[in-house]
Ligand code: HEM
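Next comes just one chain, in structure tokens: the form predicted alone.
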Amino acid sequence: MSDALPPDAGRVSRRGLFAGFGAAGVMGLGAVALAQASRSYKESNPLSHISPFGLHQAGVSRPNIPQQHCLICVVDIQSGDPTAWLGSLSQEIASLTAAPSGNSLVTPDGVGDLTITVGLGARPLSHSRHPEFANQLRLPLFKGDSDLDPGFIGGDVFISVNASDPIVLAPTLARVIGHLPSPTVRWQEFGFRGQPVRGVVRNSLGYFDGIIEPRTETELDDNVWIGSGPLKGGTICVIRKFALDAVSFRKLDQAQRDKVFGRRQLTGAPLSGGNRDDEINLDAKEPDGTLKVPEHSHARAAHPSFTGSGVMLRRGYSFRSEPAETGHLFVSFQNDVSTFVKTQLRLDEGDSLSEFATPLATAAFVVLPGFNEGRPLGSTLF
């Protein structure tokens, strides 16, 4: 499948407590450490440029392996016709990510693998030519969500800025937000990922995350991309932020920890046997008749065979807002929000991992179809 679009396609408080690393928070990690990380990436890993143009926005399946750092932001905006600001925002994204140097004030050493991904929430979608799309983003309150401050549920605009170079994230986000009408930041978080091992990274608890997910073009078409209508080429993003009780989890012995996940930490292999990327055998039993993959293990609870749903593309990140707060930014992309909803409801019924995870924020957004120089973001909706 080509990313190119045909030239005639379409028309042209408590909040502060959990805000995490924003423009100032990124630097709070330590300017020297981040600068050293930036130099290290540039010197040892020449970064491939990722075009912002195409049928799909960059930052979902491009690059194939997510960049090592992200800055995610959820914003409320002034209601009304977004045509003007989506047009100027499209121009800004194209400028910021243009090869080879982007905007010299933001990426003075080159644009690298910087991507910017934008999604709209239910409220702005309700003002589009297709207000029915707002209903596609409805999420129930899952286990633990009833305790959330309303400011951490939903939002108007989702922005994800991703790059191997962490230094460019905050200034890039600031320029993007500058195009939004009367923006109010609900929350934002700086995320990081470990080094990939055969395409998969470990989460903050030390286990591989996102082993089974769509990877081929056919799998992405079937599970991730919206295939027709005004949202063709777009997708639905679910973002949930969790605090992880890593201290309590690490007090478990190795066998107990593996049973929580249903996989071996060292190799990622399912407890049913085989290698990391092999399908789990949910029927496998020990000689005494007990299930090899425990009944409430995460691998069993999240398995799509129990929900009859599709497979999510997960591009999650770890975060650490305070010395005592380790967390996970769950980010999934799917062409039907029910894929996520069915999975999460199943997890709520019995997932050992949930005992160590507390939700801090939840939202769903339509990631708009891709754009090009003659067709800005949102041109099929507004």
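One rule holds for the numbers: they count along the sequence shown, beginning at 1. Note that the coordinates shown come from a computational prediction; the quantities given were computed from them, not determined experimentally.
Absent from the display: the form predicted in complex with the named molecule. The rest refers to it.
- When contacts are defined as a non-hydrogen atom within 4.5 Å, all of 244, 344 and 353 contact the named molecule in the predicted complex.
- Look at 160 to 168, 130 to 138, 294 to 302, 84 to 92: in the predicted complex, residues with non-hydrogen atoms within 4.5 angstroms of the named molecule sit in 294 to 302.
- Using a 4.5 angstroms threshold between heavy atoms, residue 261 counts as touching the named molecule in the predicted complex.
- When contacts are judged by a 4.5 Å heavy atom cut-off, residue 53 does not count as touching the named molecule in the predicted complex.
- In the predicted complex, the named molecule sits within 4.5 Å of a heavy atom belonging to residue 314.
- Interface membership of residue 76, defined by any non-hydrogen atom within 4.5 Å of the named molecule in the predicted complex, is ruled out.
- Only one of 271, 96, 122, 211 lies close to the named molecule in the predicted complex, with a heavy atom inside 4.5 Å, and it is 211.
- This chain appears without its partner; in the predicted complex, the one residue of 223, 107, 188, 203 with a heavy atom within 4.5 Å of the named molecule is 203.
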